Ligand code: FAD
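Only one chain is included here, represented as structure tokens and corresponding to the form predicted on its own.
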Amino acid sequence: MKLSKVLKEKSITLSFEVFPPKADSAFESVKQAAYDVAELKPDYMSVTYGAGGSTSDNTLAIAEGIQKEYGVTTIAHLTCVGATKESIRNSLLNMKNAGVENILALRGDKPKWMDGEPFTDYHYASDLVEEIKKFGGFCIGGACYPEGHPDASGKSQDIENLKKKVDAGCEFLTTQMFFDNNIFYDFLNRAESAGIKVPVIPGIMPITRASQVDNVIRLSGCRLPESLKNITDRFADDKDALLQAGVIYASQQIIDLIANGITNIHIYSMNNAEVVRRIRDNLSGIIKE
């Protein structure tokens, strides 16, 4: 099912993201972890793409398996990094044949192991969106950054580039993680003022392990609110306490979003079914099946 239809059919949607294995040798264990998440029957699931397309086959295999085994609509990620017109066309044909109808089109970042220019046929996500739109048959989504894309000169340029992506054919947007809902609300106002009318789906990352904190800041550049920093500092050496506190913090973020009229929530699951199950259970009286 196309995501545009999924978002219209339910008053509130809850979705999860999973990632494929970095090495083929880990495929079965990672696939099972993704399937454990799928067993929770989210409204849809997003399957990420390895750096430079390094896990593209596994991405599609997991996305196809989730749909066939659990009947959960999936979105497969696709990036510009190292992509040629031929490789993108082959990817789109494979997705079509696998029954995957939704794509998250991303520019992506150059991986450390890649030599040469990573962006040849496609320089920006908007270029990739145009190519997918031309191919036809897919519901296309894109990424957005409430705290600003790291390569943009400022928030105004970031919104201008986002508008180009939407004008090229994006039907929905999913945000980078954020930990302060006011940042998201400000971003939403700026996007709407720029004429961006497609659904903007907030991405929530539960912080449940101390090691996540430095990685999140380093990789995403997101600001950690003092309240969350206090939690991670206080419970850094208590695994169970930090898991519980992180789940509660993410749950509170989601409750606030819903209370303020946000109807679609996306959770970065890190392939951890227990974490997303706990969050879903915390929302059982708010998001009804």
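We number the residues from 1 along the sequence you see. Treat the numbers as computed from the prediction; the structure is a model and nothing was measured.
Keep in mind that the form predicted in complex with this ligand is missing from the display, and what follows is about it.
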message: If the criterion is a non-hydrogen atom within 4.5 angstroms, does every one of 79, 143 and 151 touch this ligand in the predicted bound form?
response: yes
- Task: Using a 4.5 Å heavy atom cut-off, state whether residue 135 contacts this ligand in the predicted bound form.
- Result: no
Heavy atoms within 4.5 Å of this ligand in the predicted bound form: does residue 208 have any? no
Looking at the partner-bound form in the predicted bound form, is residue 75 within 4.5 Å of this ligand by any heavy atom? no
Original post:
Would residue 109 sit within 4.5 Å of this ligand in the predicted bound form, counting heavy atoms only?
Top reply: yes
Within 4.5 Å of this ligand in the predicted bound form, heavy atom basis, the matching stretch of 188-196, 119-127, 208-216, 84-92 is 119-127
Those residues of 152-175 with a non-hydrogen atom no more than 4.5 Å from this ligand in the predicted bound form are 152, 158, 161, 164, 165, 174, 175
